[in-house]
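Just one chain follows, in the form predicted alone, and it is written as structure tokens.
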């Protein structure tokens, strides 16, 4: 690429145009925002785990011709990764002088902040959810979007209460329609959902008004039609801006490249074979910040169309390696609704695993290829790719492509079967066949936003022979038990060709103990616990498969009903809390549930911690 191909780098911050000068490739979005004086965005953990640095990024999707809004961790996002995009921080949502956003007002009045350090991050996560949702989100979606935000003060109950008012609900509760009326003629209170305590038997005038009043108002992200003064539209300049390559420098000799085609990317890879490719920077960013590793050449592959391609056909799904995990999750959920149930067993396993994978901010930027090629021994997805018969398509700098089964891709600790002149182009996931079952497993210290102690992916393909089922093929893969995602090869060999019954279960459990060895003093500790997890995962898998095949073949040997709780998915329950206290009026605020004086400042953060710098 010639130098004259590169264009001026710009972005918008809270509706204000900013030119990004050369020399800032080392800087994160968080550092840039705070240098602008926008100190509401905080630095907490510095590795995308606490959410205090959350901001909303808006970009224009030229394929769907729509604006896309999503929350990101500014502490990990390279500054140049948001070039050509609109970044909204807490200061752009609402301000006390100009008026608070309803999100901010609700959080303040619901006692949702104490020290206030995490408060802007919570507001921004919820704000991004509302801006990206065509309809009101459900309570589960609200709690899922907040999984990447931590608070050490409130216990989350008042925060969830503050945001629950924006959740999907029965419109009849707020429209006063006839469905509100009970048989005795009394009304249901919109606040409690219970019979109204006033004992009124008649319908108020407000309850008989035109239904059109309660219909949602649509608006355009682009031209600002029907927007309120508190919402920022997507800058028109960015709609017309043509995507172009970038080459920008930074401190300590760092050079940032942004190719916009596969050919550009392969040329850069040929010139810089040791360059780091990144999309979300969720791994490289931590290495550079916390481990002090230096990478002189960084290549952002996020804008390469070929790496973001999607192809759903009769054989399976092929997805580009730069596809974000949140997009992958949406794709799987879509195909599960559209395809026959027996074809999507692997998709359902990925959905469940991705649901508990990091926080929403990480999933919004982290890509498939980065998670695969990092080859972490505790990757949540790699055991599933291996078990699901996935294939990785790899291309070299000359344009020559090859495919390799996922089960053969991982060679050792963070080592993969890919040369320095190659990149991961795409991943192909075949549909599952009738009587083929795929299941995910993960055990962590906590369910949300945590790395695994042990995880796994398991698959079995059964074949009917008379009244019995025999194992035609099987894959048993564990993570967190070795320097790489480990296949239990001896267990797989034992299963194939055997009758699916309780005797096979007992034999397999014995083989797993010798197949998966964790030495004393192994990294991660908890050796005996991890060994027990490998057995319990397979036991649950056997129960789960047996439960499913029993619906197809009732003659299959089953387990007692008491065992069935092991096969049930753990839902994300809505947090429900109740606080009882006695109000004692003494002429002061003591003993009263008063909103503290700094609450309305904390929700847009006009105050600054004494210990924090600019």
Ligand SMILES: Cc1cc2nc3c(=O)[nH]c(=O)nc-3n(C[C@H](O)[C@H](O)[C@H](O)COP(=O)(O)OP(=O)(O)OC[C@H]3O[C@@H](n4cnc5c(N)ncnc54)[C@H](O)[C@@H]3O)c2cc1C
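All of these numbers come straight from a predicted model, not from anything done at the bench. Residue numbers count along the first chain shown, from 1.
What follows is about the form predicted together with the ligand, which we do not show.
Engineer: Between the ligand and 278, 356 and 418, in the predicted bound form, does every residue show a non-hydrogen atom at 4.5 Å or closer?
Structural biologist: Yes, the whole candidate spot contacts the ligand.
Engineer: Tell me which stretch of 250-258, 341-349, 491-499, 444-452 has a heavy atom within 4.5 angstroms of the ligand in the predicted bound form.
Structural biologist: That would be stretch 444-452.
Engineer: So in the predicted bound form, does residue 370 come within 4.5 Å of the ligand, heavy atom to heavy atom?
Structural biologist: It does: once the ligand is placed as it appears in the predicted bound form, residue 370 has a heavy atom within 4.5 Å of it.
Engineer: Since only the chain is shown here, I'm wondering whether residue 403 would be in contact with the ligand in the predicted bound form (any heavy atom pair within 4.5 Å).
Structural biologist: Residue-level check for residue 403: no, no contact with the ligand.
Engineer: Find out whether any non-hydrogen atom of residue 35 is located within 4.5 angstroms of the ligand in the predicted bound form, and reply yes or no.
Structural biologist: Looking in the predicted bound form, residue contacts with the ligand do not include residue 35, since no heavy atom lies within 4.5 Å.
Engineer: In the predicted bound form, does residue 424 have a heavy atom within 4.5 Å of the ligand?
Structural biologist: Within the cut-off, so yes.
Engineer: Among the candidate residues 81, 388, 321, 303, which is the single one with a non-hydrogen atom no more than 4.5 Å from the ligand in the predicted bound form?
Structural biologist: Only one option qualifies, and that one is 321.
Engineer: Between the options 438, 328, 366, 508, which residue brings a heavy atom to within 4.5 Å of the ligand in the predicted bound form?
Structural biologist: In short, 366.
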